[in-house]
Each structure stands twice: as C-alpha cells, then as structure tokens.
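One chain comes next, on its own, written as structure tokens: the form predicted on its own.
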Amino acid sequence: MRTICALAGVVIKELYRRKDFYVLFVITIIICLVMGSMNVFNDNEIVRYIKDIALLLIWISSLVIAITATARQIPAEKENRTLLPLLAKPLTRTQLILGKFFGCWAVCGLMLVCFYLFFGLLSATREHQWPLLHYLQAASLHWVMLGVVISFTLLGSLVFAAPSSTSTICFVVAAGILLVGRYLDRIALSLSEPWRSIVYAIYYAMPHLEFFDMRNLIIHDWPLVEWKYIGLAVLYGFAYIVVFLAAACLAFRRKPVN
C-alpha cells in the first residue's frame, strides 16, 4: 500500500500542475454566475433551471477531466520512457495500475469538492438554504461513478493505440450509457431475435451510470434517498470498479512494455 500511495501521490502532483481543471472550473463559474445574475420574467422558480445547468456543467467537466487525465497515464509513461525504470524498481504492474487509478480518483474527488462547494454557494444566494445531506449523497455517488469511468478508461488506455482515441471512445461510451443505456430494455422489446437477446445482454452487462445521477434530487428539492439504497449503489459501483481494474491488470501483464 505504501508503494501504491506513493505512486498515487505522484499522479496527484502531476495533474495538479496541469491546467485542465482550472480552465473548466473557471468556465463553469463564469457561465453559472451569468445565469445566476439573470432574472427571467421575475420568476423565482428560475433557480431550478440555473441549478440544472450548473449541475450539467459539473457532470460534463468531471467526465472530461476524469477521462482525459486517465487516458494519458500509461501512454505518457511509455512516451517519456519512464515505464521501464518504474517497473525495474520493486514495483509490480498491478501496483502501477492501482496507483494510477487511486491517483486519478483522488484528484476527481478533490475536483468534486470544489465544484459542489461552488454550486452550494451559488444555490444558497438564490434559495437561502444549504441542504448538506443532499449534496453529500449527490457528490458521493458522483465520485463512485467517476471511479467506474476511470477504471474502464484505464482499461481502454491499454487496449487502444493513442490517448486521443481512448478519450474519444470512453467519452462516447459514457455519454451513451447516461443518455441511452437506461432505455435499452425497451428498445430490445421492439427487436427480433437474435438482436433482442444481444441488446438485453448489453443492457444487463454494462454499468448503469444513471444509477448515480442525483441531480433531480437537488434541482427539485426532493426528500433524501434512504441510505441503504445509497449503500447498494456504492457496492454496485465498487463491483464494476473491481472488474475493470482486474481486466486492466490482466491486460497490462500480457502487454509488452519495451
């Protein structure tokens, strides 16, 4: 664990020096502040639309940062010719994968703290309330969702040739799951065999990232979700994280690094 934590710390420092997060954070702040300063038709309920846009920007920004940061981890080590010296040390390939994962996941956690803190301040200026438990549930599930995305992006970086192709494919897959994945079972009903079975297999095999989407809870001020269901969602996400990381470790062991 010391080796994994040390490697994760290196990843955190590396991503801290990059400007990706700062640019997206500033853009999100500017757009949200402009929207928050508007008073459309003197409608006090316009705050819900502002919250919807702000949370959408937070989700898009977090996905972009998580995918792009993870996709270049292993390829960057190869390009800089630091992969072989790393593996020459008492460092196994599994430890390298886990260190990269936990480093990227920790950075995403710190990023979500900044985003949700800003969102809470923006929302409090319009609604004059601070539903901390709602934010805690939404941010926790959001972080677990990013863990799933980071793990399958790390696997993709070992399968695809370049970080750009990995980022593009993983972003398309994540967006497809969030936008279309929940409707695949209904789409399968209208298909004939063998396509119906294939679509059903995809529906039950893929990670349902929409399970972690708690935006409506905050936007519409719904009651808190029971914590047992939050725990089940977290276990569901951890199961996919373990599966993708195990597949990444297996793929990395079989992949030549010279």
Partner chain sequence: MKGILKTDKLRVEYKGRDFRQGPKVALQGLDLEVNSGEVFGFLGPNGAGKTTTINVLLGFLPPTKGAASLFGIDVRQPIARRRIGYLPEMTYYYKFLTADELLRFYSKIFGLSGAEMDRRIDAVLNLVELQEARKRLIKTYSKGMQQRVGLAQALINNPDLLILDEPTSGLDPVGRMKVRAIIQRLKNEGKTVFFASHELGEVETVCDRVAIIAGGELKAMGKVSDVVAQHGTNLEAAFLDIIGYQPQPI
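Residue numbers count along the first chain shown, from 1. Nothing here was measured: the structure is a model prediction, and the numbers come from that model.
Unshown form predicted together with the partner chain; subsequent notes refer to it.
- Although the partner is absent here, residue 109 sits far enough away that none of its heavy atoms falls within 4.5 Å of the partner chain in the model of the complex.
- For residue 88, a non-hydrogen atom is located within 4.5 Å of the partner chain in the model of the complex, even though that partner is not displayed.
- In the model of the complex, the partner chain sits within 4.5 Å of a heavy atom belonging to residue 93.
- Not displayed here, the partner chain is kept clear of residue 136 by more than 4.5 Å at the level of heavy atoms in the model of the complex.
- The candidate stretches are 176-184, 121-129, 139-147, 76-84, and the one lying within 4.5 Å of the partner chain in the model of the complex by heavy atoms is 76-84.
- Contact with the partner chain in the model of the complex, defined as a heavy atom within 4.5 Å, is made by all three of 3, 6 and 17.
- Checked against the partner chain in the model of the complex, the residues 10, 246, 23, 234 give one hit for a heavy atom within 4.5 Å, which is 10.
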